[in-house]
Ligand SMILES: C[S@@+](CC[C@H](N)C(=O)[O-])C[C@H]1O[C@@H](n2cnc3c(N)ncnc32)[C@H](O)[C@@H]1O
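Shown below, as structure tokens, is a lone chain in the form predicted alone; questions about how it binds or moves come after it.
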């Protein structure tokens, strides 16, 4: 199977580098505005192929364009030419289970591509999205009892300084050892914080009925729905009676085939109502749900406040 990347700009070159590092070679690029050859890292050069060349060669295409309007136009163009479309998760990991493939790609992406994100995430504008006085996140967070709190998918700990003084104990959870070690060093003087590298879908090592709150910001929007359901069941298990959880999750339900790599702003398949259904089946009570805009996209995300009772 020959793979072509549609989009020969910065994003396309980064995708090529990621695939190459994982032993996946491409046949070339396609691009609506460029012709000639494309030079990638370490001097690798690829041709820009036309639609007839892609069709004639039986190639499959991964769309590597960030702009969602352009992405949709390209998708329709390829389908009109009966060209098969892949997502990165299809070729990057050898896991047979599609959920595991997607989970592994989210983790790998955050290792390779997120340095700029983590740096920018610490600036005041980004922090105020969550912790500003007029923030909806903050108003809902105020409804948690954070005496014994779990922060799921903590990243590099940017949220910790905004609640740690209110807590008796904090448990930081992340799938990436790199993030856990970064937080260990960042908060090494704070004895109330413990750390847990988990597997990306449960909280197996945390004791049942022991925590007053759990929350996650700007991470679960990328998660697979089946992993979210596992986390909801685990939330019900680890919370004390009356404990609450606040989740920032995707409200992107336009296409059930979407993945982290193909979804708008990396949003995976989920909706306000689907999340409520899963929470109900996990034994949690919905207290409040608020659909929100994100990155200029209307109603892309949702905040859900839950309670165990």
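Owing to the predicted nature of the structure, the values given are computational and were not obtained by experimental measurement. Residue numbers count along the first chain shown, from 1.
There is also a form predicted together with the named molecule; it is not shown, and the following applies to it.
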item	value
Contact flag, residue 137 vs the named molecule in the predicted bound form, heavy atom cut 4.5 Å	no
Any non-hydrogen atom of residue 231 within 4.5 angstroms of the named molecule in the predicted bound form	yes
Exercise: residue 141 in contact with the named molecule in the predicted bound form, heavy atom 4.5 Å	no
4.5 angstroms heavy atom contact with the named molecule in the predicted bound form for residue 117	yes
Heavy atom contact within 4.5 Å of the named molecule in the predicted bound form, the stretch among 233 to 241, 155 to 163, 204 to 212, 79 to 87	155 to 163
Contact residue in the predicted bound form, chosen from 74, 106, 146, 91 - any heavy atom within 4.5 Å of the named molecule	106
Residues within 4.5 Å of the named molecule in the predicted bound form, restricted to 64 to 92 and counted by heavy atom	none
